[in-house]
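Let's start with one chain on its own, the form predicted alone, as structure tokens.
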């Protein structure tokens, strides 16, 4: 049970809640929702999807030198991952100035590509790309304890969903292999799509939904139609999803500089609510026997 977890209060809280759910909650109401970045897979020094985007931005900057003077193309061309990470941290602190620049550029990258062509690019990326500092393939940057938690919940007839601010169509090609979560149970941010009349869906230069913060509960209800009784996140962007949950609320605390990273930037509000409202805080350092799976 709960392989890769260290015996202690956190593991016991999870086991006790699941035992209670099996006794008192109908299987169809056992809904669990998981954030992705920083909750199921690594998000530092930059989001995995951001690396995918940065590589494409650098390609465009190389083909058009005029772009090199503009952000985010300049940061991509110079390999300045700190600029991109800072844009996300600023967002979680209420400043979207850099994120808006990144969004405009990002929305233009795959316009007119079919969803199948995009999925193939994502699959190719995961087949070869490696984490810049951990020295391991991105497909091996998932958190082994979280995958075992998914399996534990499923063994007790929970239905698990990924609910992420990351791109829905970026996650869908890999969540089955990484987490055992099929594409229909992946909820995330998404660009607009259109049917081209010949049988394909084509990516548009518009944002359909940004699945972050207060939008997460909206999308959960819209897509699932049930309120979760387990919610797991790690940042301020997950705060509303955790507050929407009526049951076990788990917040991953990145406090293990030796095996992963130690940081609270972008999670200050969520940690404050966790302590004030009695959520279960998962210490990567103290609660996980190992961090990454093979």
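Numbering follows the first chain given and starts at 1. Keep in mind the model is a prediction, meaning the values are calculated, not measured.
Just so it is clear, the following notes concern the form predicted together with another copy of the chain, a form of the same protein that is not shown.
Contact between residue 169 and another copy of the chain in the model of the complex is found at the 4.5 Å heavy atom cutoff. The shortest heavy atom separation between residue 197 and another copy of the chain in the model of the complex is within 4.5 Å. None of the heavy atoms of residue 68 is located within 4.5 Å of another copy of the chain in the model of the complex. For residue 137, no non-hydrogen atom is located within 4.5 Å of another copy of the chain in the model of the complex, even though that partner is not displayed. Shown without its partner, this chain lists 112, 222, 133, 108 as candidates; in the model of the complex, only 222 has a non-hydrogen atom within 4.5 angstroms of another copy of the chain. Contact with another copy of the chain in the model of the complex, judged by any heavy atom within 4.5 Å, is made by just one of 193, 122, 101, 144: 193. Only one of 258-266, 32-40, 243-251, 47-55 lies within 4.5 Å of another copy of the chain in the model of the complex by heavy atoms, and it is 243-251. Using a 4.5 Å cut-off on any heavy atom, the one residue of 141-161 that reaches another copy of the chain in the model of the complex is 161.
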